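Next comes just one chain, in structure tokens: the form predicted alone.
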């Protein structure tokens, strides 16, 4: 295998669920050796090695079992740190220190170590020990409110977007720290707060409140930067099929009317100008939805785009898997999993000319790499490893 961008980098991965595993997956995709610390006690639910969730966010990694409740396991963790470049964890602040594995201790094992602590609220402050999942952070940061339909229905996002945001931030932080280490010869400790990471996305809203003194309200599907009407997501024929339509000017409005067959309501005075259509947007959306609900999303979008009306299909995961453009760009990668068989995963949107995916491997089974890590990397004798296994330390 040709060397990848991050070949030679070893990452000790204490992360779980989404935010941390997404960060370490990116590093693994580009060639880093990521060793995931797992335990039989916690390899359940999203952390079950054969779950769809786990296999999605843990490809190209190694897995070892190590029960951190044992003092001997913590000694092993220090030995692994000594041969690693980066340690990443996404526990609440008390966990690593309770194990005696805070940055100061780990740095004794590897003086130029880079350590990333990804937590909900950060390592200091009155909320430091609060635990949080992505949707909690989204609500606290204001993202849930801003992405709802109105202030009385805080629906928000249907996915832990905050976790992907902080995962990307973690990767950028690691790369910056590696560059710093190359120049200065020193490691760094990175305190990454998911709450603050999402708050960085709120800049325009902060300015609107603090500078313009505006009351910021949820926009729903309404345009908040350019006048448009209709502008929304409309139900189409079939189960959970939708399309989006955006009309910004009179030319597009007239084109939409022609595609609809110029129904009588489209000629009414209340819809005669863009400003009037915005004023009566609720009624307009209802009438347009009655028309879209009788046709397939693909048919509608084809007709509207041909007529010059901005429109698109709201694609499901199944639609994406068959998307001709993504297929043409070789976006999906097939990986053989020892239990699940042939799986399809999203590839990286970043394509380097020398990057190869033929050697990508599926997410590991629990403890799959115990022999390699403990025997080859740490040099344990077979009897030592067997003893650790019998005691449950490696377990």
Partner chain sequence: MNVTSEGDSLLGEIRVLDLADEKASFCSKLLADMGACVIKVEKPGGDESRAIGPFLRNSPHPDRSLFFYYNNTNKLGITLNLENSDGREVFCRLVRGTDIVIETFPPGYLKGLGLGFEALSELNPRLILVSVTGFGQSGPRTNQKSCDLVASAMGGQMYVSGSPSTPPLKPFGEQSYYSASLFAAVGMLLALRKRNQSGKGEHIDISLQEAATSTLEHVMIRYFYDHIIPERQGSLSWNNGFCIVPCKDGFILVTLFHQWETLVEWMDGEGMADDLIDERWSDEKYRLQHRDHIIEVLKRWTKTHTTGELFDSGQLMGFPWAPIHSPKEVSESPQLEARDFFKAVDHPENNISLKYPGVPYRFKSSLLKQVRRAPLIGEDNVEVFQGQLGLTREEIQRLSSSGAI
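For the two forms, the rigid core is made up of the largest set of C-alpha atoms that agree within 1.5 Å on superposition. Residue numbers count along the first chain shown, from 1. Everything numeric in this text was worked out from a predicted model, so none of it was measured.
Below, we refer to the form predicted in complex with its partner chain, which is not included among the displayed structures.
Its partner chain is not shown here, but in the predicted complex it comes within 4.5 Å of a heavy atom of residue 182. Contact annotation: residue 18 falls within 4.5 Å of its partner chain in the predicted complex, judged by heavy atom distances.
At a distance threshold of 4.5 angstroms between non-hydrogen atoms, residue 393 is out of contact with its partner chain in the predicted complex.
For the chain shown alone, residue 311 is a contact residue for its partner chain in the predicted complex, at least one non-hydrogen atom being within 4.5 angstroms.
Of the candidate stretches 287-295, 75-83, 270-278, 202-210, only 202-210 has residues with heavy atoms within 4.5 Å of its partner chain in the predicted complex. Only one of 299, 108, 191, 102 comes within 4.5 Å of its partner chain in the predicted complex through a heavy atom, and that residue is 191. Checked against its partner chain in the predicted complex, the residues 164, 262, 283, 97 give one hit for a heavy atom within 4.5 Å, which is 164.
In the predicted complex, its partner chain lies within 4.5 angstroms of at least one heavy atom of each of the following residues of 137-169: 139, 140, 141, 142, 143, 144, 145, 146, 147, 148, 149, 151, 152, 154, 155, 156, 157, 158, 159, 160, 161, 164, 165, 168, 169, in sequence order. A displacement of less than 2 angstroms separates the C-alpha positions of residue 98 between this form and the one not shown, with the rigid core held in common. Put the two forms on the same core and the Cα of residue 134 is off by less than 2 Å between this form and the one not shown. Comparing the forms between this form and the one not shown on their rigid core, the Cα displacement of residue 179 stays under 2 Å. In comparison with the shown form, the Cα-Cα distance of residue 52 and residue 239 increases by at least 3 angstroms in the predicted complex. Here's the thing about residue 240 and residue 52: their CA atoms end up at least 3 Å farther apart in the predicted complex than they are in this form.
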